[in-house]
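Just one chain is shown here, as structure tokens, and it is the form predicted on its own.
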């Protein structure tokens, strides 16, 4: 087990202006999703032309997951799926879930935990839309969804969404702070959901090498060390965008909920992490254009 000396994705600047993001959001709420969907095409073409590093990272990932050469059309499709989920976030944070066709698989795994009065950790990734989970929890099942999330890398988008749904910002927990574990513990004790994205290490994170799409990449061990420390159940979450207005949500049980002795936590957490990565690869192959890590995921992990 090693400690990450940095996080390449944090160094990637957020493109686009806050004014442009705000304008598109306002138009979407006023005119509707269908009337503003065309705006995504010029945005995607701009990114295709101006973001060389993320374009190369997209192609490198697509070659791995598709098992063939990836061309410009593949990269453009990759960008468009990402832009589509960001566009949909505007409506999801406002609770307009009825505008989407969302199928849910495995929800009983979460319902069973919550019915016992226990909270749980939902471990997700930058595969698909995490906002679907927060919308379902907040507006459909009336269960608070707290998210451990690093906001600085997408601060412009975050500010716009915070303006649209300020009540959701109270549920954001900053990672890597002295109070982070305490806040997570309090949420779990109240029987709430804590969502964590488990595929991007922060600088200083404990990391573990796992085989992913044919080559070793390094994943953060912290979320699963946290689960072992608190004895929290862990359910994996994947909210896949399938095109149009369709989303497919999958839940997979990873950990039933057991407190692990301190000396055993690294070994046990690593075993859980390897199972998480196996599921991540499974769903990446199921919905390959849903991968939203636009940096060199494997090379960055090797440093």
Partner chain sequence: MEQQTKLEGEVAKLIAEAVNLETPAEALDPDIRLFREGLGLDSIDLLEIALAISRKYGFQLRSDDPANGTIFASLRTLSAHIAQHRTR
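Here the structure is a predicted model, which is why all the values come from computation and not from measurement. Positions refer to the first chain, counted from 1.
Same protein, other form: the form predicted in complex with the partner chain, not shown, and the subject of what follows.
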| For the chain shown here without its partner, which stretch in 67-75, 121-129, 101-109, 225-233 has non-hydrogen atoms within 4.5 angstroms of the partner chain in the predicted bound form? | 225-233
| request: Could you work out which of 262, 246, 30, 271 is the residue within 4.5 angstroms of the partner chain in the predicted bound form, going by heavy atoms? | output: 262
| said: Give me the residue from 114, 83, 97, 181 that has a heavy atom within 4.5 Å of the partner chain in the predicted bound form. | reply: 181
| task | Find out whether any non-hydrogen atom of residue 176 is located within 4.5 angstroms of the partner chain in the predicted bound form, and reply yes or no. | result | yes
| said: With the partner left out here, check for me: in the predicted bound form, does some heavy atom of residue 87 sit within 4.5 Å of the partner chain? | reply: no
